[in-house]
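So this first bit is one chain, no partners, the form predicted on its own, shown in structure tokens.
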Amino acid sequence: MNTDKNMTDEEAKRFIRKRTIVSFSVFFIGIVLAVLAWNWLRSGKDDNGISSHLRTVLNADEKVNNAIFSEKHLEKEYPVSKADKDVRVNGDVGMGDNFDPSKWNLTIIRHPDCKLPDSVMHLGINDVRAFPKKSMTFQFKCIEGWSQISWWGGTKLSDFLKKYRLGTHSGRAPDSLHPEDMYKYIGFMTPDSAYYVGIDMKSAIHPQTLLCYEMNGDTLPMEQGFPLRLIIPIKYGVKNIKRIAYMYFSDTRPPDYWYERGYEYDAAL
């Protein structure tokens, strides 16, 4: 520590003592504030795995994300040559060994009230493959902190919804609607119901969101969600649900596996 050369030894000692007291005071106040903040967080009621106070902050963050959302905001895409051949698996919940591919189909609940006529439909993988294929190489990001450039192929979810007139209250194609005619959310679930996510409809019809059936130019591997998974680059990996068996629509938030365990519902990048 530098002191004025004209200071006497006694003045220098007083200066050092003063600085020491200030430093320890700031440190002590910081500790007190940290303890108070921690106690404040713990005082909140449990709200899907975390304190209601922290959940309030996360919900506010989600509102900001929704306010600035734009379908023109695209995640960067890379040449296929940049894609990693050894693609990491981000979680295995819902990937049970008792899955029988021969019995798989995609069950779509068109309306929340399943008793309405034509409210439930069943499609096969060829119905998804019938659309023009979109290939995409982007940086997949996981909440665990890793990221990886990977190559995927499939059907744009927006095209799929338009073709089968899904996601709207009226049953008209989404591209001919005002936003208020669409359900606010779309839900997905694995065959064993062990893993499930909810996606806001604006993100679902984003041009980079895919119903994906290929990885690295070949059929999806079993551990990557064969026969069908979601690829949504504008969200963290937790929203990229594997082995989709159920799709449904709602104006309220569908259940979400990681949201119930304390994570942000939106999971937007």
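A quick note: this is a predicted structure, and the numbers were derived from the prediction, not measured. The first residue of the sequence shown is number 1, and the count goes up from there.
The form predicted together with a small molecule exists for this protein as well; it is not shown, and the discussion that follows is about that form.
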- [ ] Find out whether any non-hydrogen atom of residue 224 is located within 4.5 angstroms of the small molecule in the predicted complex, and reply yes or no.
- [x] yes
- [ ] Please run the contact check for residue 237 against the small molecule in the predicted complex: heavy atoms, 4.5 angstroms, yes or no?
- [x] yes
Task: is_contact(residue 95, the small molecule) in the predicted complex, heavy atom dist at most 4.5 Å - done: yes
TODO: Determine whether any heavy atom of residue 88 comes within 4.5 Å of a heavy atom of the small molecule in the predicted complex, and answer yes or no.
DONE: yes
TODO: Counting non-hydrogen atoms within 4.5 angstroms of the small molecule in the predicted complex, say which of 151, 160, 185, 195 makes the cut.
DONE: 195
Task: The unique member of 142, 83, 123, 109 whose heavy atoms fall within 4.5 Å of the small molecule in the predicted complex - done: 142
- [ ] Select, from the options 187 to 195, 124 to 132, 75 to 83, 160 to 168, the stretch whose residues sit within 4.5 angstroms of the small molecule in the predicted complex by heavy atom distance.
- [x] 187 to 195
